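Below you'll find only one chain, the form predicted alone, shown as structure tokens.
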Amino acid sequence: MVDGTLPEQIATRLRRDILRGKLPPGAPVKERDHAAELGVSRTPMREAIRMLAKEGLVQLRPARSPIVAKPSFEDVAHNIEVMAALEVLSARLACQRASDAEIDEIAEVAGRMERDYDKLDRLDLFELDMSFHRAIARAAGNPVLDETHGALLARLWRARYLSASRKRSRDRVLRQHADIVTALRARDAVAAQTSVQAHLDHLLVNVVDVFDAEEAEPAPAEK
């Protein structure tokens, strides 16, 4: 497991199982079974499930096992609209407020992604990509924006992962990341916003494809 408290480590493991499809939408998350599988007690497992519920990945139910959330397309689309606006705003504010060190950090993430793109597991690559977007939000210098962006990204984690997986384009992604870094280094807010918007333009279209594919799949049976 990764670094962090035990509940955080468990949450990371479950989150990755959800993204990989081991726990598909609608599947029960059985506290006792998962605790036994991971060799942990039910207390940290319960806390991990609560973390995922706050992120919107798991839905809690009274007197029944939680289930992997299955948000509607409308809910996801509304979240994408706000998140995209925040990412464009983040780019503009980062041009004005980010320190050189913060821009160096953003560039370093983009560089790692370029170096390791063909070596990384698909999920590791996705998490690195999302760390690029989170670094820009932090560099905007607005804690309210940063917190809101983090919460929205958590809710969209699965949809965005599936979108990236279905419409993966190595050259386009790396070029757009490089364009964003160039604009940030030049403190060119217009270019930064334009580059971020171009990077996000196909997200909603890709999510439509994800929902269409999932509608054709049978829901998992609860045991």
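Don't overthink the numbering: it's just position in the shown sequence, from 1. If you're wondering where the values come from, they're calculated on a predicted model, not measured in any experiment.
Same protein, other form: the form predicted together with the DNA, not shown, and the subject of what follows.
Novice: Given the stretches 46-54, 173-181, 150-158, 194-202, which is the single one in contact with the DNA in the predicted complex, using a heavy atom cutoff of 4.5 Å?
Specialist: That would be 46-54.
Novice: Would Arg185 sit within 4.5 Å of the DNA in the predicted complex, counting heavy atoms only?
Specialist: Contact with the DNA, no.
Novice: With the cut-off set at 4.5 Å between non-hydrogen atoms, does Gln59 touch the DNA in the predicted complex?
Specialist: No, no contact at 4.5 Å.
Novice: Residue-level contact is defined here as any heavy atom of the residue lying within 4.5 Å of the DNA in the predicted complex; does Ala189 satisfy this criterion?
Specialist: Although the DNA is absent here, Ala189 would stay clear of it in the predicted complex, with no heavy atoms inside 4.5 Å.
Novice: Do Lys30 and the DNA share at least one heavy atom pair within 4.5 Å in the predicted complex?
Specialist: Close contact exists here: in the predicted complex, Lys30 approaches the DNA to within 4.5 Å, heavy atoms only.
Novice: Sequence order please: the residues of 54-78 with a heavy atom within 4.5 Å of the DNA in the predicted complex.
Specialist: Contacting residues: Ala63, Arg64, Ser65, Pro66.
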